[in-house]
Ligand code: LLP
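So this first bit is one chain, no partners, the form predicted alone, shown in structure tokens.
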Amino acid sequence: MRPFTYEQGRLCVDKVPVDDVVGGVGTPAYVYSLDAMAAAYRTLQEAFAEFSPEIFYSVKANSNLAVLRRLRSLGAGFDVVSGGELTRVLAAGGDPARISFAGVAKTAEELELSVKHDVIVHVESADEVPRLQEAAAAQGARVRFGIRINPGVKVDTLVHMQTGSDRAKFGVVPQVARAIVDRVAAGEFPDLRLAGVHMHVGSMIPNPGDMVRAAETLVEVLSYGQGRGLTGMRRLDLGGGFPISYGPMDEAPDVPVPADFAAALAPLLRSADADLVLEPGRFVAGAAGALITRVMLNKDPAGRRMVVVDTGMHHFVRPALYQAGHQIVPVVQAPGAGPTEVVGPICESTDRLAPAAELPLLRPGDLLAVLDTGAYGMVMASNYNNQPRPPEIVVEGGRARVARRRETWQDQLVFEE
């Protein structure tokens, strides 16, 4: 169940009126339900319970410290893709032994930080393995690593979200993965311990069968390594990609649920000699968030309805970047008055949140909510046009608090002389 619902005509988050949540903070503002994130985490955990999965939350989806701390309290590990994300997880109290570090171009400083904290490093090219060996030897450390494999599976999702096709920049092809296994088995990297294999074939995977086809390739490489005597090579990390529904808030989900993926993967997982790892991001955070914005003015270009709001592509870039659709609803419920184009204040024609949202007649000052923005929202926000980024408010147990304050114009000057 989504946390944003109407109660007596007012949009609420976990039964708390949204206008009250942002009342003392102002707009625009991101609002997250931490309880909804926890519920989504448990849903995934329960769906795969037969296989006792380790769940490593994908930090790139939403890296707010309050979010990380709540998930850590549930027992989550973390998947990071930069030194900055690793630093955040450590600041949130994350267990270094339950952190994995992926990314196609890790710097020497990032490898050094990973070795220092004994996190699992997912290598994404053959060239990266000797660099990791060098970093481990320099610190006298034994480092766990996995091989990110590109299984060559193209999933039917937005083209910019496909990360496992044979044209993707991520990971290595299976032949290269087996060659890395051979080099490890031959003792070429004495300070590295190959822990397993990893993939992430894309976001919003619409067909569980695509994940099964990709996972079969990983199991083949895992079995190959075990056959070469690498008995500690057991980690089968299937990444994320579990979809959420971006449809109307009052309609049932139109996408497969975690139980569908678990059922499809079950025969393979039962036959594999492996420890299952999952890396959800959007599934945990996406539906738990909304971007609350205020109508600034109405316009009527070429006879069509348009409202200008106080947020836009600088705070939420997905509509401009991916042509992603997000439902926009009024905070005070009212009858629809027809399709309305919702645009922001940025000096770009692409600064459009929705081309034709079904909205009531609106006046300056009215509040709107851009739904399902808990993932890939604030983490992708910018200061374009020297606009400050919005605050993040979390609701937990029926109480709201500011987890990150609103930036100011002066904040943007602190890094310059």
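These figures come from a predicted structure and were not determined experimentally. The first residue of the sequence shown is number 1, and the count goes up from there.
The form predicted in complex with the ligand is left out here; the points below concern that form.
Engineer: Would you check, heavy atoms only and a 4.5 Å threshold, whether residue 49 touches the ligand in the predicted bound form?
Structural biologist: The answer is no: residue 49 has no heavy atom within 4.5 Å of the ligand.
Engineer: Report yes if any heavy atom of residue 279 sits within 4.5 Å of a heavy atom of the ligand in the predicted bound form; otherwise report no.
Structural biologist: It does: once the ligand is placed as it appears in the predicted bound form, residue 279 has a heavy atom within 4.5 Å of it.
Engineer: Examine residue 204 and determine whether its closest non-hydrogen atom to the ligand in the predicted bound form is within 4.5 angstroms.
Structural biologist: Looking in the predicted bound form, residue contacts with the ligand include residue 204, since a heavy atom lies within 4.5 Å.
Engineer: Taking 4.5 angstroms as the cut-off for heavy atoms, does residue 380 touch the ligand in the predicted bound form?
Structural biologist: Looking in the predicted bound form, residue contacts with the ligand include residue 380, since a heavy atom lies within 4.5 Å.
Engineer: Non-hydrogen atoms within 4.5 angstroms of the ligand in the predicted bound form: do 315, 392 and 405 all have one?
Structural biologist: No, the candidate spot makes no contact with the ligand.
Engineer: If we take heavy atoms and a 4.5 Å cut-off, which stretch out of 357-365, 65-73, 28-36, 52-60 is in contact with the ligand in the predicted bound form?
Structural biologist: Flagged stretch: 52-60.
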